[in-house]
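What follows is a pair of forms of the same protein chain, given separately as C-alpha cells and numbered structure 1 and structure 2.
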Structure 1
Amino acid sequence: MPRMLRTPGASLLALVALCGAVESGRAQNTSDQVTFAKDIAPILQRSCQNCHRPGNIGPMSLLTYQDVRPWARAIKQQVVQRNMPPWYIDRAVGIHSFKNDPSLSDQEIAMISKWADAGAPQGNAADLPAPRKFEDGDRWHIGKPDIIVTLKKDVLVKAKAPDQWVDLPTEDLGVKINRYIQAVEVKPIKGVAVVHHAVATMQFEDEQGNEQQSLLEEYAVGKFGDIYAENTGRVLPAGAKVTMNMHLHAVGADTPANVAVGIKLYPEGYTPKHIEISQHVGDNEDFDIPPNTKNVRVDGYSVLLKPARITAFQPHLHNRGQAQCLELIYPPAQSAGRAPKETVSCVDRYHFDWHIVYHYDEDAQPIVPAGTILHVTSWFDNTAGNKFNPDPSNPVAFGQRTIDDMSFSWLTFYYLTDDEYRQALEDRRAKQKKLTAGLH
C-alpha cells in the first residue's frame, strides 16, 4: 500500500525559521532585501504569467516590474489567502506531488509578503531572469491529431455580461467503431481571453444501450493536452458525442469564442494494454442542504473490484460546493478486521469558477488492491458568505441545473491484473528505498 509522507509540521517550522531570520537581519544587511529582480520575478514566471499576460485570462499583465508594481498589495493578499494561483488542494493532507502544480510554498508566500510590505523594491536589473518564453497556443502539442472538432458555432461573449457556465455541443467526431485514444488536447482557437475553462465530456451508449458519459479532457491555461503513457489509452466509443462545459468571462469588448478538441488515435485494431477510465465515483443523489447553513456534509461510496492505479482526481460540486475529500478504504487483511484507510486528496476551498483536474505525479499515483472503497465526502456552504450562492434562503437538493447541487468526484484510473499490481508495488518500494538511501 502506498505510504504518504505527512509533514505538515515541517513547513510551518520552516516558515517560523524564515520569519526569525528576517527579523534579526533587518536593516543591517541590504543584500538580504527581497527584490523583484532577484526573488519575485522567478515566482511570477513560474506560477502566474501563464494567465497574467496580454491576451490571456488574467485581468492584468504580470510580465514586467512596471506591470507588477501597482498590484503589489493585491498580489500579497491573493497569495496569502492562497486564492492565486488557482490550486485548491489542501497541502496538509495526503498526496503532495502533482503534475503541473503551480502553487507556492510557504516560503515563497512569506517572501512575497515581505517584499510588498517593504514597498515592493525593484532591486538590481542584473538579477532579473531572462523573460519567459511561452508555448505557442496555435500549435497542437500532442502532434498532428487524427480528428479535430470545434463547437458547432462560435459563442459570442458580450462586452459586459455576468460570467456564464454553458454546455455546448461540438461537431460530430464521426467514429463508426470503437477506437483507442493515444493523446488528446483541448484549446481555445478564438477568444482566448474570455475562455476560463473548457471541459470536454463524451456521451455515448454502453453495450446495454444505456446513456453514459465520461470526462474526456479539460483545457487549463498552460496545459497542453495529455499524451498517455506507452501502452495506455482511452476508449473512444463508436458514435460518441462531445459536449464542452465552458466558463465564459466578459472582457469589455464583444468577443466570439470557440474551442477545438484534437484527438490522436492508436492504429485501427490495436488495443493498448491499459485502458484509462474517467468516471464518476462516490455519487450521492439523496441529500438536502438547508438554507443559510454551511459545512453541510454528504458522503458517497464506490468500490473498485479490481486492483487499479489512480492517475487524477477532480471534485464535482455546483454553486454551494465548499470542499471535498477522497478517502481510500482498503480491504482488511483478515475477515472482519479493521479496514485501513487513507485520505489521498482534499480540496479544502472549492472554487466553483475554477475547474481543475489534479493529476498525480507518476511516483505518487495510488496503487490500490481489489476491493478498495472510494469514499467521497463533500461539504456545502449555503450561506451568503459563499460568493457563488444565488440564494441562501433556498434549500438545495441534487439536480442537473447549476443552481441544484451534486456530489461526486471524477476519478481517472486504470485497472491492473494481479501480477501488474504486485509489480507496480514492488517498483514503487524499490524507488522509495533508493530515495531514502539518497537522503542519508
Structure 2
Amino acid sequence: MPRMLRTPGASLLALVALCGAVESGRAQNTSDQVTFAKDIAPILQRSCQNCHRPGNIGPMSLLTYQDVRPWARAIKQQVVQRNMPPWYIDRAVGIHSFKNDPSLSDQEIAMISKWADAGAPQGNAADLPAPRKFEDGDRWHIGKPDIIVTLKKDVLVKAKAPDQWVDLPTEDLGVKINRYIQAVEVKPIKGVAVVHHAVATMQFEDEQGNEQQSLLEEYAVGKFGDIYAENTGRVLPAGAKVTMNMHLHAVGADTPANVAVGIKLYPEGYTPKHIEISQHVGDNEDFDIPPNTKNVRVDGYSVLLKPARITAFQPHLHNRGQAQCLELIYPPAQSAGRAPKETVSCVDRYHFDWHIVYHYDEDAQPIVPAGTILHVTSWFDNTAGNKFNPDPSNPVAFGQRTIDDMSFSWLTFYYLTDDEYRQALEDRRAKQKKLTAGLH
C-alpha cells in the first residue's frame, strides 16, 4: 500500500488524537482486578450495546452481566483481532480522527483480555454505570428521522431465484415545500439477508418544470447512512418521490424483503451554507482477478475540478475485496513542477459485511485545491483464505452480481469558492499553530 506523505501539522494532530484515545481508555480501577461492573460495562455501553441488544442487528444481547458472561472468551477474541466493533481503518496510515469511531483503544482491549482471562468477574454491583437508555431513534444511526417511508409492498425473493434488480416505488414523502436534508439512511426492515444493495433515487421537477432525478442514498451490507457535516446538507424538493433500485439474491428460502428510507431534516426555512455531494470516485470496471490469487491490485482515478472539502470516505468492493486506499494527488507545484501526493485513508482489512462510512473530524477533513486527483487503489483476495469468497477456483471480473466484484469509493464532499478555500487553509494553519504552541 502507498505510504503516507504528511502535510505540516498532520503528525501533531495524530499525536493529540492518540493521547486522547489513551486517556479515554485508561483503566479507572486502581486494583489489579478488572471487573465487569467497574471496567467492562462502560466500554460495552459506548461501543457495543447499540447493536447488541434485543431487536437489533447484533446476534446476542450485551446489556447485562448475565448476557455477557457466556460470551467473555468470544468477546476477547473478537476485540483482540479488531473484528469488533466494526472499524477497519488502518491506524498506521493517514487520518486518524473520525466523528463516528466506535473502536477500542489498546488499553481497553488489554482490559477486556485481562478480564476474560481472569474468569470474567462480575465485581461490585454498586460500581455498575446506570443502564444506557435507548430511544426509537437509536435504531437509526442518523438519529430519529423526521420522515420514514418504505416500499409500498414487500417483494418476495424465491428460494432458488437468480439475482434480480428491481425498481420499486416507496410511499409518498409528503414534502410540500423545499426542505434541506441533514442526514439520510436506507436500511432493510425485512429480509436483510437477501438485500445486497438498495439505492434510493429522488425524482422531482426543477424550476423550469423539467423532470430530474438524483441519488438520495445507497444501502450496502452494514452501511449506517450519511450525516452531513456542519452547515451542509442536500435539498429535498417539494413533491419529490423516491424509487428504490434493489439488488436481491436468493438464500435458499422464500424471503419477503422491504426497505425503509429515513430522512432527518433541518428546521423549516433553514438553508445550509454548502450542498454536500456523495458520489463514486476512482471507478474501474476493467479488471480481472485470477483464481486462487491474492493481492490483486486495481487502480482508478477521478478529478475534482473545483476546490473542495472532503468529509467522508467509504470503500465499495464485493466478496473478494481485501483492502482499499484513497490517495490525493495534488496539482503540480509551480516552482518544482512536481505533483505532491498524500494517502489520507486505507481500509486494510475489508469486510464485505460492513460497508462503513468513515466521517472525518472537522479538523481532519482534507481541504483540497481544484485539479486534485482522487486515486483509489483496491486489492482483492480470491483464495480460500478469504472467508467471504464463494469459490476461489473461479476467475472474477467487474459485474453487478454479488459473486462479481467492483472497485470504487463513495466520497462525500462539498465544493468551495476560491476565497472559501484560501480561508479554510488559513483557519486550519491557525488551529495547528495554536495547538503546537499549547504543547510547549
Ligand code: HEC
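Each form is matched to the other, and the largest set of C-alpha atoms that superpose within 1.5 Å is called the rigid core. All residue numbers here refer to structure 1's sequence, counted from 1. Because the structure is predicted, anything quoted here is derived from the model rather than measured.
Here the chain appears twice, and structure 2 is the form predicted on its own. Once both forms are overlaid on the rigid core, the distance between the two CA positions of Val166 between structures 1 and 2 is 2 angstroms or more. With the core held fixed, the Cα of Tyr219 is displaced between structures 1 and 2 by 2 Å or more. Pro315 is not among the residues whose C-alpha shifts by 2 Å or more between structures 1 and 2 once the rigid core is aligned; its shift stays under 2 Å. Here the rigid core is superposed, and Ile147 then shows its C-alpha moved by 5.9 angstrom between structures 1 and 2. Relative displacement of the Val184 Cα between structures 1 and 2 on rigid core alignment is 3.1 Å.
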